[in-house]
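Presented as structure tokens, the chain that follows is alone, the form predicted alone.
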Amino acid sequence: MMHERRPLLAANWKQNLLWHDIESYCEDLRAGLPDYFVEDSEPAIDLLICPPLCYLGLVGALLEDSHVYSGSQLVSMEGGGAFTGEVSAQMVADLGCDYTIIGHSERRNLFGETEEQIGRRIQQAFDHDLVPILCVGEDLETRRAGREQSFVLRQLDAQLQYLGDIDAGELVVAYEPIWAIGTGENASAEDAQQMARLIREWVGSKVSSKVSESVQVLYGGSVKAGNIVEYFSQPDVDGALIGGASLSSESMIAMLQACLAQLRI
């Protein structure tokens, strides 16, 4: 199986790890990566680390001169000004980041983020050349009722006004069924593929066929080394948004190696 699009493994550390943990993690990660992650040639899979905002600079420094990307878990809805505690997309980009996670279910459910607020964050990301990882996904009640597809389509439709002018390579969508995040429960590989195909078709019909061909669709929900290939082998799943399993450098290396083996590299 070969992906037409460039695969992406994105580590979302959430509110975990301290300075000394991160130093050890990055040292071990660099030591365990294939040589081409620290050489001039491009790796076959993109690797992204999204630490807590306060450690973005540290991760960037520790992974400098490697092919590992860094990203934020959040950006402000505002470009700057009197917004105590906020961190703007421009600040995140100024730290050398390339990506930002937007609309994660924990932000929606725990902090009450609305679709309008998510859209404003997406706009800020685009304004400062950050690639948004837009998270969508249903809860267990919606899944049991058989309404998961219409639920996800409504989430996507709510962001259409912010996505209409984007070009190829400027968007990642992560399908993360809420009931599978941190629970040990998983959507089946077939379920993930069905939803990834739905997302890609939506992008093709509502944005453009060019963006549809390039958009990376990730699966997120209790992904680990033992099951990542099940998802990665699906034709429309281009990688994973990884939570708990990403907190171990050994686990991240194992997942990367498993995906590289699937690509026969």
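Nothing here was measured: the structure is a model prediction, and the numbers come from that model. We number the residues from 1 along the sequence you see.
Not pictured, yet referred to below: the form predicted together with 2-phosphoglycolic acid.
Taking the partner from the other structure, 2-phosphoglycolic acid in the model of the complex has no heavy atom within 4.5 Å of any heavy atom of S66.
Under a 4.5 angstroms non-hydrogen atom cutoff, 2-phosphoglycolic acid in the model of the complex has A180 among its neighbouring residues. Of the heavy atoms in S208, none are within 4.5 Å of 2-phosphoglycolic acid in the model of the complex. 2-phosphoglycolic acid is not drawn, but in the model of the complex it has no heavy atom within 4.5 Å of S214. Scanning E113, D191, E106, E170 against 2-phosphoglycolic acid in the model of the complex with a 4.5 Å heavy atom cut-off leaves one residue, E106. This chain is displayed without 2-phosphoglycolic acid, yet in the model of the complex the stretch 218 to 226 from 193 to 201, 218 to 226, 42 to 50, 55 to 63 comes within 4.5 Å of it by heavy atoms. Using a 4.5 Å cut-off on any heavy atom, the residues of 227 to 250 that reach 2-phosphoglycolic acid in the model of the complex are, in sequence order, L241, I242, G243, G244.
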